[in-house]
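First comes one chain, alone, set out as structure tokens in the form predicted on its own.
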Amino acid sequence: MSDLMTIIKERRSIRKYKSDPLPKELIDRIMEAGVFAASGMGKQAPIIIAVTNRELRDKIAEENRKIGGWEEGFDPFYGAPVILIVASNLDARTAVYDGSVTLGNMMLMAHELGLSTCWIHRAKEEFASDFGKEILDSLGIEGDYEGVGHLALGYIDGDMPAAHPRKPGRTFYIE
């Protein structure tokens, strides 16, 4: 089996992270994998925002918690010290799909580098709100962007879970 197939088969969504900070070099490599993701008509519509500032990270977690309807104190990013946010410019017809591929590439690269991730939803709602628009404005990002997803990113706190058996009957041929 190729190394890539091993990475694909071993990667899991992790829901408990150590608070240890991550080296910027590793975050940069993960984001590089994201910007090299396939994109419809080569538009490269997705952007990636790495949030390593603890105060902002916690504010985003709180907004996400409220959108998700969880009880106060719940962290939808499971303690991960870094959040990678993917938003995509809606000028591209394939914006959300492109952002999804970006997230997939980053999850695989993180696993290869010995880090863990969990794709967290509700970025769409966050970036449709004034809260999300303020984040984009603070970075000088202009245009019509939709949040596609977040990656909770960090070192796993515990053991890597085993893969669930794959459901049969999910692949087909037309010959």
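The first residue of the sequence shown is number 1, and the count goes up from there. Note that the structure is predicted; figures quoted are calculated from it, not measured.
A second form of this protein, the form predicted in complex with a small molecule, is not displayed here; the remarks below concern that form.
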Options 116 to 124, 31 to 39, 52 to 60, 129 to 137; stretch whose heavy atom lies within 4.5 Å of the small molecule in the predicted bound form: 116 to 124
Contact of Tyr78 with the small molecule in the predicted bound form (heavy atom, 4.5 Å): yes
Proximity of Ser13 to the small molecule in the predicted bound form, heavy atoms at 4.5 Å: yes
